[in-house]
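A single chain comes next, written as structure tokens; it is the form predicted on its own.
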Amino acid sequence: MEGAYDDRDGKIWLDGKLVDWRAAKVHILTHALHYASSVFEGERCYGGKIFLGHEHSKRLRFSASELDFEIPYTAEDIDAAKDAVLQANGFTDAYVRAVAWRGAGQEMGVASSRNPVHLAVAAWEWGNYYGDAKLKGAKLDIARWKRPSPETAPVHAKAAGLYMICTMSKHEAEARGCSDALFMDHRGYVAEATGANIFFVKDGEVHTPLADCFLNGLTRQTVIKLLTEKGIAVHERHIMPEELDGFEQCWLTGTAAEVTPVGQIRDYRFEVGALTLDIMDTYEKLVRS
């Protein structure tokens, strides 16, 4: 599938029915467009099966509740919608995007409790998120923005508004010849990339930032479980920026990113080492099993 995302053949599930791709539209006064009252999920389908699909559906509903609205569909309904989209488009390997939002309604101020809540599911074929970085390692910049405190935003929701600084940071990183940017959090600790969690290796052990002010990704959780099953020590902890100099390997995890090695963060360099390659291979086998 090619072309602009609003001009393609295919079907999108919208509020309970499959509609033509180009007909899946919202009104200009949709609340989410003005006030970011929107949550979403990104999922990958491998061989006709969405990896952790039900967990993604449950998280979508959780994220909505964190933004003070309720999706009028159960997790099982959302699962069925995703399956219907894949079947309608003839996809067996694809990226799946479920999104829920407050629409246009009786209110057009900050408050919107009387506005209807909508749900849509789309899917498309999508290759490696970071291109050839899986072979040579991604190059990361360091963002000038910081991940916010849990006291200032619903940081554990996968909410559209939380990605505003991600978009700006990724644009700045790409302008500097990088694939992505690494965030620090509001306290100055290493946090995550713009759309992926991060892991480091030192002396055969793995270190990853404690997910106390950013999304604890499902891929992150999966990779930690795989490492633990291999008998590899995993330290979830606060990591200071100056520690980057002592790490030997680094990788990113996310549904879109899968497991992608990192070769460089600013002036810090990392090898695409044996442990990185092993966890990439183990994850790939798991999602396709």
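Just so it is clear, the structure is predicted and the values come from calculations on it, not from any experiment. Residues carry their position along the shown sequence, with the first being 1.
What follows is about the form predicted in complex with a small molecule, which we do not show.
- the small molecule: the contacting residue among 169, 112, 219, 208 in the model of the complex [heavy atom, 4.5 Å]: Selected residue: 219.
- Which one, 85, 193, 138, 98, lies within 4.5 Å of the small molecule in the model of the complex by heavy atoms? Among 85, 193, 138, 98, a heavy atom within 4.5 Å of the small molecule in the model of the complex occurs only for 193.
- Task: Indicate whether residue 179 is a 4.5 Å heavy atom neighbour of the small molecule in the model of the complex.
- Result: Judged by the heavy-atom cut-off of 4.5 Å, residue 179 is well away from the small molecule in the model of the complex.
- Query: With a 4.5 Å heavy atom cut-off, would you call residue 249 a contact of the small molecule in the model of the complex?
  - Reply: Close contact is absent here: in the model of the complex, residue 249 is far from the small molecule, nothing within 4.5 Å, heavy atoms only.
- Message: Please determine whether residue 253 contacts the small molecule in the model of the complex, using a 4.5 Å cut-off between heavy atoms.
- Response: Contact check for residue 253: yes, within 4.5 Å of the small molecule in the model of the complex.
- Message: in the model of the complex, does residue 215 come within 4.5 Å of the small molecule, counting heavy atoms only?
- Response: Although the small molecule is absent here, residue 215 would touch it in the model of the complex, with heavy atoms inside 4.5 Å.
- Message: For the interface check, one of 86-94, 69-77, 195-203, 99-107 should have non-hydrogen atoms within 4.5 Å of the small molecule in the model of the complex; which one?
- Response: In the other structure, the partner sits against 195-203.
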